[in-house]
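Okay, so here's just one chain, in structure tokens, the form predicted on its own.
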């Protein structure tokens, strides 16, 4: 007896259709799975057998062959347990309903017949919508899948419950979600940029960075507040759109990092990997490819503390995703693409001991040691960081002061207004922020006056700014003008942008 069940699995962050064919024939009892299954899929036969028997159904003592088509793509994970079990029960005549072909079914089985959560439910729901199919999956994942409008999603807890539903003996309400409720519930109220005492010029640099999507590097001694400031960057980033939230959720769903009870990511991610991370951990990949930190930070912040302490080969792999906004992982059998539109926030000490330029503690590093320390960050990587900002030690008067600082919500209002202006300006260009301006677009949208041009020339000649800093200064000045609600880039905007190129200045 032959049966067919449709399911889906992920490849990258997108899903594709898999047809599970189950053939039960006479012969010595056996259970074989073909179609390039990995070890987790091969082991499903033991889970399926126990789940079927412990759910009260007779497991056939016959020759069982399971084919996973298309057979040329490797199948990974535990999402095939449930469709294989349903295929066996259908082939045995235990499931008699005729609606099976209308559904995509996925889920992991426990030995007692319970249906456990799976990864990638949102991506499979998108695929189900494109195929005009309904979706059956673990109840734990049903809210996540129901985020896709136009898909009928049914959540089930046990194998017998699903069998009764498919036979028409049980009615299960489809899952529905209110997207607005998730956005209204979203809050980062436990941290606020007003928590940081002093450092007003650094807060301004972070505001400019958030408004234009610019990468930023903070340089300062230990204890100056670099990490504390970085952790508050997501609180001043522009509000996430529904499209951004769904795309971000797809990445975290595939990676299995969604928080329990939170099916939709509505707050901008903040990822802070340790400097011992490998290049595969940062960029993605591995034996079973999965998203790396740059993809988990998609539409959010990637914070690299103690930037020079990261291995050089790890830092260098950042260059392509920072430039392209995506990561391409190529293997012999498949090539995967993960999105990586993140804002890089880096932090470093000015020298190995950390006190170069400090007014209270003397630096003990030699010029050679300082040069070697800073050389750990290559020119091409530094070229992709628009803003360099000094973060000096905080004075006692600022720490003990009681004056109220500006809140994250106040800063976010200006950031949202600046991003709205950029979205309107670049609506025909396919970009959404000033940080993504190409050389051609810089000429079109970053024109400056003769007075500003003379200021730029003076900066290059007198301050020793590198040639690569020129375009970066124009992009940042464009963002500062947007925060100022100015259509034209004025001299004061150029002047402020020049201050944000600390590491491009030649040492005196």
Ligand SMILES: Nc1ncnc2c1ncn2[C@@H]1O[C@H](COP(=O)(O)OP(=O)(O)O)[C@@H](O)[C@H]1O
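Residue numbers count along the first chain shown, from 1. What you are looking at is a predicted structure, and each value in this text was computed from that prediction instead of being measured.
One more form of this protein exists, namely the form predicted in complex with this ligand; it is left out here, but the text below deals with it.
In short, of 103 to 111, 123 to 131, 214 to 222, 141 to 149 it is 214 to 222 that has heavy atoms within 4.5 Å of this ligand in the model of the complex. Site annotation in the model of the complex: the residue of 421, 381, 322, 196 reaching within 4.5 Å of this ligand with a heavy atom is 196. Between the options 257, 227, 278, 167, the residue in contact with this ligand in the model of the complex by a heavy atom within 4.5 angstroms is 227.
Contact annotation: residue 394 falls within 4.5 Å of this ligand in the model of the complex, judged by heavy atom distances.
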